[in-house]
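Just the one chain here, laid out as structure tokens, in the form predicted alone.
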């Protein structure tokens, strides 16, 4: 599963400090959320689309698959606003459906915002390493280590849980376990899978706690980091490019 998220090539976005990238992309999402200008919303969607399709470093096939939920989100939000939006300049109406000039603008605005959210979110997820992201949050933004290490431990346990789920599925198949149909079958499956997985998770959590105590892990104590993260020249380039691009999109939306 995690191999799917291996990029075809590592672009310059991969070398940007993950914590700084998170702050900049979060600011982009806030700007997208509060913006009410249609032309600026479209410019933002184009800008974030360029980041996603050109600088994420993934193959066209993977980007096309990730574009499916974005297209569904754009169409669902846009069509809902288009057919049921309010407006005085009515173009077409049939029963509850009504299309007006205002609803068309609102549909494009909402659709562009949904695209922007998707492009920014996917670009961030595809161009970071989760472990380095939490290390950067601890070192650059002083995120308490108890939260960061909790997320890192949970992330690293996902493959183990997936493997145990597959083992449990194979074990039930070897024993020729048959489940009932309908809701009773769903309950039987839930009971057969969740109880063993939950018990195994408790054992694994206990082993991790013992290992952390053996390594003298203490809350709030000063510590060194296995992965040191720091700001570099590429971070300044990233910041300047993002500010200039967003400013260009804003002024183009005003003066075009």
Partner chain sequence: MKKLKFTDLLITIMIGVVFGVLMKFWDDLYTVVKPIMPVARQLLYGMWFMVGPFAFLLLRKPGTALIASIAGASLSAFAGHGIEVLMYGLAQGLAAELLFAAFRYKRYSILIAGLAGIASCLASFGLDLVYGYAALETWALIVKYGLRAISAFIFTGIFAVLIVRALEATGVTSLIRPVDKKEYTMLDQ
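Owing to the predicted nature of the structure, the values given are computational and were not obtained by experimental measurement. In this text, the rigid core denotes the largest set of C-alpha atoms whose superposition between the two forms falls within 1.5 Å. Residue numbers count along the first chain shown, from 1.
In what follows, reference is made to the form predicted in complex with the partner chain, a form of this protein that is not presented.
Chemist: Which listed residue (222, 68, 60, 195) meets the criterion of a heavy atom within 4.5 Å of the partner chain in the predicted complex?
Modeler: In short, 195.
Chemist: Just one of 227, 26, 53, 231 has a heavy atom within 4.5 angstroms of the partner chain in the predicted complex, so which one?
Modeler: Exactly one residue meets the criterion: 26.
Chemist: Is residue 46 part of the interface with the partner chain in the predicted complex - any heavy atom within 4.5 Å?
Modeler: No, no contact at 4.5 Å.
Chemist: Hey, in the predicted complex, does residue 174 get a heavy atom within 4.5 angstroms of the partner chain?
Modeler: Heavy-atom contact with the partner chain at 4.5 Å: absent for residue 174.
Chemist: Does the partner chain come within 4.5 Å of any heavy atom of residue 81 in the predicted complex?
Modeler: Within the cut-off, so yes.
Chemist: Does the partner chain get within 4.5 angstroms of any non-hydrogen atom of residue 146 in the predicted complex?
Modeler: Yes, residue 146 sits close enough to the partner chain in the predicted complex that at least one of its heavy atoms falls within 4.5 Å.
Chemist: Select from 147 to 180 the residues with a non-hydrogen atom within 4.5 Å of the partner chain in the predicted complex and write them out in sequence order.
Modeler: Heavy-atom contacts to the partner chain in the predicted complex: 147, 150, 151, 153, 154, 155, 157, 158, 161, 162, 165, 166, 169.
Chemist: Answer yes if the CA of residue 182 moves 2 Å or more between the shown form and the other one after aligning the rigid core, and no otherwise.
Modeler: The answer is yes, as the C-alpha of residue 182 shifts between the shown form and the other one by 2 Å or more after core alignment.
Chemist: Relative to the superposed rigid core, does residue 60 relocate between the shown form and the other one - that is, does its Cα move 2 Å or more?
Modeler: No, the C-alpha moves less than 2 Å.
Chemist: Determine, after fitting the two forms on their core, whether residue 37 shows a C-alpha shift of 2 Å or more between the shown form and the other one.
Modeler: Residue 37 C-alpha, core-superposed: shift of less than 2 Å.
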